[in-house]
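Next comes just one chain, in structure tokens: the form predicted on its own.
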Amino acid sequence: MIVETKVSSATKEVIIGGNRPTVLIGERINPSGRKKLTEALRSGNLEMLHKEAVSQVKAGADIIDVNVGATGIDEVALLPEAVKIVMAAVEAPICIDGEDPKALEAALKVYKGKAIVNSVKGEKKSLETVLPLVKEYGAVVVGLTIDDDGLPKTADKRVSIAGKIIERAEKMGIPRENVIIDTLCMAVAADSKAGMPVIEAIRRISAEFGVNQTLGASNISFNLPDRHLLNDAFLSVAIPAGLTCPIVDAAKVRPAVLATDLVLGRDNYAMRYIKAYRQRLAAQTRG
């Protein structure tokens, strides 16, 4: 049984897990691979963050990931400002995304609600610096299945690291429902079998630990044509395996996710599926 993870903004709560519909974490506030956003962040022009947050929620994102990490950016100063802008723009809870513990703490201090902290690794240093912040601020943490030995190739190692993170968190007083695991999918363009240990690890972590799980789902299709087809196919396999809150571009994957949820019995009378279809049809008619 998957535990239920609750996150919130000042005005809205989102519950992840159980037999609930898949929760979508919007990925687009991230400068990685996005030249215009990177330039805007470096120049201090944060208007783009507001627009992206609004458009992602409109497209169906339930939670907004906020990442400002890039060369030449003072993340400690900028991350809390970015969080403030997104809080003002949308009611959706925020996933505070960064590697610098000081930046994470600065953002947690200004956040109103129960945030997700993305992320902690299975490395000793990361566990010792990030988990205390998660405990202090009552947040949810994403645990990456990577440790001091690097990114594992096998499902066994991913499951082992997940167990280590969960155990360490619980010993610190962070309940299991406040830990979300990311098994880190890689591009099948580089290794055609890269998705297999990820799916196996998701299934086993779900069965053994019952925690919720996320992924940067579009990593699977990097450097290949028709990426949306691969992303949709991957999600349709990963969600029934135990993926409950993928990090995605909601505008591109939501129809496939809604279809998957419907097939899995998570959409009573197909109401969400039909509503989304009608919204797309209306948008096409207006266009």
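The shown structure was predicted, so the numbers you read here are calculated from the model rather than taken from an experiment. Start at 1 and count along the sequence shown; that's the residue number.
Omitted here: the form predicted in complex with a further copy of the same chain. The next part is about that form.
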- Every residue in A10, R42 and V57 with a non-hydrogen atom within 4.5 Å of a further copy of the same chain in the predicted complex? no
- Message: At 4.5 Å between heavy atoms, only one of the stretches 126-134, 107-115, 84-92, 185-193 reaches a further copy of the same chain in the predicted complex; which one is it?
- Response: 185-193
- Query: Which of these residues, K121, R168, K157, R203, gets a heavy atom within 4.5 Å of a further copy of the same chain in the predicted complex?
  - Reply: R203
- Listed residue (A70, A259, A250, L37) with a non-hydrogen atom within 4.5 angstroms of a further copy of the same chain in the predicted complex: A259
- Wondering, does D226 line up within 4.5 Å of a further copy of the same chain in the predicted complex on heavy atoms? yes
- Task: Verify the contact flag for L230: yes if a non-hydrogen atom of it lies within 4.5 Å of a non-hydrogen atom of a further copy of the same chain in the predicted complex, no if not.
- Result: yes
- Query: Even though a further copy of the same chain is not shown here, does V263 get within 4.5 Å of it in the predicted complex, heavy atoms only?
  - Reply: yes
- Query: Though only this chain appears here, would R280 touch a further copy of the same chain in the predicted complex if you measure heavy atom gaps against 4.5 Å?
  - Reply: yes
- Query: Listed by sequence position, which residues of 238-276 have a non-hydrogen atom within 4.5 angstroms of a further copy of the same chain in the predicted complex?
  - Reply: P240, P255, A256, A259, T260, L262, V263, L264, G265, D267, N268, Y269, A270, Y273, I274
